[in-house]
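Just one chain follows, in the form predicted alone, and it is written as C-alpha cells.
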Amino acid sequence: MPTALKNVNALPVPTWRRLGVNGAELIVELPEPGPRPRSNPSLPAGTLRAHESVLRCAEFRSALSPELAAYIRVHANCGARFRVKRGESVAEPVTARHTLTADAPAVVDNNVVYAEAHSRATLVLVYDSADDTACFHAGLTRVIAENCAEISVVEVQTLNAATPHFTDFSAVVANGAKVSLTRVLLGGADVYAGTHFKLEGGKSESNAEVFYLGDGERKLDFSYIAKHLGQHTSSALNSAGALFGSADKIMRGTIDFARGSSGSVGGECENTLILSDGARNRSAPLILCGEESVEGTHAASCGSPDAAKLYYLMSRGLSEREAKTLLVAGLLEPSLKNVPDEKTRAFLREYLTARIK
C-alpha cells in the first residue's frame, strides 16, 4: 500500500527551508515482499549467525528513513547475516547477488556483519535486473566492528530504469576498528541512499566511496553522516559521478564532532560532472562541532567537463563523446579499486560506457 515517508535522508540540523535540502518527502508503494528472490549469499564455512541481542545493544541510527528501516526489518525476505570470530580473517569476500525478476519482483534484504575484535571480512552486495520488469528493492546493512576489526562493504547496483533502489547503511565502530563502504550506483529508477557511521572508539576510522550515474529524470538522493564520539577518530567521504538528461541529485554530508572527540579529523570531497543543461546538482555540507580541537573539511566541484582536458583528448583522435565517456570512467576508477572481483569491475566499465552512449 502507498506509504508516506517524511524527512528521508534528513539533515541532523535543519537549515533554511527555502533551500529545499532539509530532507525529502515522498509516497512509496511498499510491497509485501512475496517469494524469496534469486540470491546466493556465500557465507564462509564455520561462521556464526549474528545475534539479535547484540544488534539491539548497538544502537544503530538510520540515515535514510527510520520508517523504511523498520519495514525492512519486519518484511525482509533475504539477507547475508554472519558473525566473524575473534581474530578470524575471511579470505574470500562474502557475496550476495540479488537478481530481480517478474517471478520475484521485490528484494527486501536485511544484512548484518558482526565482527569480533581483530577480525577481517568483506561483504559484496550486487543488485541487478533479469529484464525490464518494474520491481522494487529496499536494503538495510548494519555493521558492528569491535576493537581493531576491519570490515569492508561493497554495494553494486545495475537495476533497470523502472526499479527504485532504497539502501540504508549504518555502522558502529569500536576502538581502533575500521569500516569501509563503497557504493557503485549506476542503474535503477529513483535512488535513495543513506549512510551513518558511529565512531564510538578511540582511533576508529570510516571511509566511504560513492560513484553514481544519473540520466533521464532520475532522482538521486544521498545522505552521509559521520558521528565522531571517540578521540582521534577519522572519517572520509569521496563522492563522484555524472549527471545528464534531467537528472536531479542531492548530497547531504554531515560531519558531527561530539563532545569528547578531541583530535578527530573528518573530510568530504565531491566531484560532479554535468553533461547536459537540464541536469541539477545540489550539495548540502554540514560540519557540527561540539569539541574544539578537531578538523573538518569539505570540498566540492560541479560543472561541465574541463575544456582543456576535452581538447587534449580530442587532439589524440577521440570524438567529443568518447572524450567525455573517458572522463566519466576516470571518476569511476577509485571506487572500482575496492570491488574485489575483476570480472565485476570489467562488467561495470562496459555497463557505464553503454549507459553514456
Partner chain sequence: MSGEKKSVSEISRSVYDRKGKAAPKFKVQSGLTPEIIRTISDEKNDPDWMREFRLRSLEIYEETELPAWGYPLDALNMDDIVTYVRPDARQSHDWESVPDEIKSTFEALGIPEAERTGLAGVGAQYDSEVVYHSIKKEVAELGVVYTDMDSALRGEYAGMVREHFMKLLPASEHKFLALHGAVWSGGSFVYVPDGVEVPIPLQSYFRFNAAGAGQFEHTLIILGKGASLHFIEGCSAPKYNVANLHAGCVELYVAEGARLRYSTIENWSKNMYNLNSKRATVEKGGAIEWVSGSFGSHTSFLYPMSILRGEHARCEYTGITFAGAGQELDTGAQVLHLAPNTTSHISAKSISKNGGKSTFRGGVTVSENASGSKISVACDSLMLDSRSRSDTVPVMDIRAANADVGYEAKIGRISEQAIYYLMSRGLSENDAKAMIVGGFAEPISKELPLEYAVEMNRLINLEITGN
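Source: prediction; values computed, not measured. Numbering follows the first chain given and starts at 1.
Not on display, but discussed next: the form predicted in complex with its partner chain.
Novice: For its partner chain, considered in the model of the complex: do all three of 13, 259 and 293 come within 4.5 Å of it, counting heavy atoms only?
Specialist: Yes: 13, 259 and 293 each sit within 4.5 Å of its partner chain in the model of the complex.
Novice: Choose from 23-31, 325-333, 293-301, 312-320 the stretch whose residues reach within 4.5 Å of its partner chain in the model of the complex, heavy atoms counted.
Specialist: Every other range fails; the passing one is 293-301.
Novice: Quick check on residue 208: any heavy atom within 4.5 Å of its partner chain in the model of the complex?
Specialist: So residue 208 does not count as contacting its partner chain.
Novice: With the partner left out here, check for me: in the model of the complex, does some heavy atom of residue 279 sit within 4.5 Å of its partner chain?
Specialist: Residue 279: contacts its partner chain in the model of the complex.
Novice: Can you tell me whether residue 229 touches its partner chain? I mean in the model of the complex, with a 4.5 angstroms heavy atom cut-off.
Specialist: No, no contact at 4.5 Å.
Novice: Spell out, yes or no, whether the shortest heavy atom distance between residue 289 and its partner chain in the model of the complex is within 4.5 Å.
Specialist: It does: once its partner chain is placed as it appears in the model of the complex, residue 289 has a heavy atom within 4.5 Å of it.
Novice: Its partner chain isn't shown here, but in the model of the complex which of 130, 284, 189, 236 has a heavy atom within 4.5 Å of it?
Specialist: In short, 284.
Novice: Which one, 274, 134, 117, 76, lies within 4.5 Å of its partner chain in the model of the complex by heavy atoms?
Specialist: In short, 274.
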